[in-house]
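Read the single chain below, which is given as structure tokens and is the form predicted on its own.
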């Protein structure tokens, strides 16, 4: 068993001293990089009638203007599912405002930027559907859904009839807006052709996904494409797909025969790399007078693009979170002329649980029941949708420990009954859940003659602490301090690993690293036991252990030797081994999820409608926590993400042009330090032997789920106003507060 530790990030010093190099900071060895700037559409639908590049080409330093007329031809059908129908300068169609229609390439960024501004585009316009409100009921049913593994609709029992007959009913519409990821690091790509080989430095959550896409587009063997991404300044899902700018940089480099660097501006990140789609969710809950659910119906419509497909799976938690014999869930898409949505931290669950947990709070008020009591009365001891036991579920303890730490019992039930001076005080809570994901992964571990170790895995560290967990695993299994272990990742030249998304990185790569460590350890113990010059000679390897950089006898720890001494006598430069791991039949046997409980206190200014979160307690059960320090950081970050969803974040689209109107950090409002209160994180102990050999579940997305609902529920308690349309900004509260 790997103990819970509080190790600091092994890459922390590099980051705070500027030693960590991000995609935009790399340069080719020959120092002949060109700079690329995107030219984007100013209409939402139509065709390019003509492109005038004459003035742009006259700018000193301009090498080329790439358009659909001169761009290299690529194979759009062989890039895999993660690049569905992206427009890549292969024709003259325009499908959304902000689509990339040309690329200016120059010897300096400033020259490329000036040239991009001088490109003149002329269009033949078509009629566009610009807002989801123009098409509110949905036009299609999703085909690809939660990685193709789930149907878009499900039913058990007789949900409609049971709802109609219910003694107590909640029947409401909940809405969430478009949201954008806005990681600290903008997307950046440096593409360099070396004959028929392509080297790409890219800000990526999926280096192997990028490799597959580019190899398919350019008709190359995957081994001819190398993606490098050692550090990523946040992604939250936006860097998990091979977005057009990556391919356009490679196309531009091919066109001009030199390396090309393309860095998105903050404004371009609102049109270039996906977003959380707008949703309209109809939730109906039926219950008896004692509070037992008799019907759950959750119908979700999410925004989709005019090309490709992405569906926000808002109803999946409603299928399994509570015990109920009659449940129906549907998902539909509403196509508009905007870019393709994508995964954003806790996709589906963040939006869907907001609606479900708001409805559960409304049901608790209708019944006159404490919200925790209602949830416990409908506690699901098994997944009734899949008819399977949970691999582990410690949600009761999350409720208990979270409520105790938050002092939930001080809550006075009547809305607008709690005050702090003139401020209205509200307490709210909600449940969190997120599925456990895991994919196949490989790793290599090398124990060197100097007593250090290297662990290699082609995963990505998107700020979550993957470097540190990789080093910890080697340190634990080989008995080495962290400063004697070096982790290498973010490179397709390393053993293959999955996308850093779906909270699956640790759950996927840790078992592979463990296997490699065990193989190195077994070789080392065998060498020591078989070496006549070793103080451990003749002992059974089962009697040996490792600690503090030494091989030693378990029963007599003073008897042993260092790795350096053993390898020097053996004349070995290193002992290394490969490891791999993949999911087995566990998902056929168990339903696997993480769970949590969110508790929030808000203060609302009755004159201004301003909402401030004053305190937040989150209690989470997510299997074995590999590093309590970085894990706590992840959980706090997820909660802050949910605060933005609840109170500030919304992407605004001009209904006349389809253009994003608040595509700056001055206008797209994310929580800042003064918005974030004391956050207490409780890591509820949980043992899960089914999810993987280490019992580790993902934690990056779980704490975002339920945060928005808990805040909305607290706002209702404070004000008596139920806001069902996020975000909860002062303009939505102010009129009701004056009553």
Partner chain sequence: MDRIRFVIDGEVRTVERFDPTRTVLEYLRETEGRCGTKEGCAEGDCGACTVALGELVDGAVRHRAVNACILFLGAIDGKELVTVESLAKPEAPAHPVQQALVECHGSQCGFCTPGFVMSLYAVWREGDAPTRSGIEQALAGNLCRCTGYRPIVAAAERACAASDRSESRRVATAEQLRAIRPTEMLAIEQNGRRFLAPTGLDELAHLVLAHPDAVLLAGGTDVGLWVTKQQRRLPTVIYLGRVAGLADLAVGTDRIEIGAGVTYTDAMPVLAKYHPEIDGLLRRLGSVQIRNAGTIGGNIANGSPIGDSLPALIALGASLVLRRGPVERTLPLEDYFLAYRKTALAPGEFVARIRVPMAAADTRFRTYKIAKRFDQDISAVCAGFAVTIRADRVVDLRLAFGGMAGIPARARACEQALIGQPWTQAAVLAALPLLTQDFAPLSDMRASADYRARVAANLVRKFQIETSGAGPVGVLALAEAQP
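Since the model is a prediction, treat every value here as computed from it, not as a measurement. Numbering follows the first chain given and starts at 1.
Not pictured, yet referred to below: the form predicted together with the partner chain.
- Interface residue among 575, 320, 424, 74, judged by heavy atoms within 4.5 Å of the partner chain in the model of the complex: 424.
- Interface residue among 373, 92, 110, 171, judged by heavy atoms within 4.5 Å of the partner chain in the model of the complex: 110.
- Taken together, the three residues 630, 667 and 674 all come within 4.5 Å of the partner chain in the model of the complex, as judged by their closest heavy atom.
- The partner chain in the model of the complex comes within 4.5 Å of no heavy atom belonging to residue 175.
- Although the partner is absent here, residue 275 lies well away from the partner chain in the model of the complex, with no heavy atom inside 4.5 Å.
- The closest non-hydrogen atom of residue 722 lies beyond 4.5 Å of the partner chain in the model of the complex.
- Contact check for residue 233: a non-hydrogen atom falls within 4.5 Å of the partner chain in the model of the complex.
- Stretch-level contact analysis of 46 to 54, 22 to 30, 708 to 716, 684 to 692 against the partner chain in the model of the complex, using heavy atoms and a 4.5 Å limit, identifies 22 to 30.
- Although the partner chain is not shown here, in the model of the complex the stretch 237 to 270 places heavy atoms of 266, 267 within 4.5 Å of it, in sequence order.
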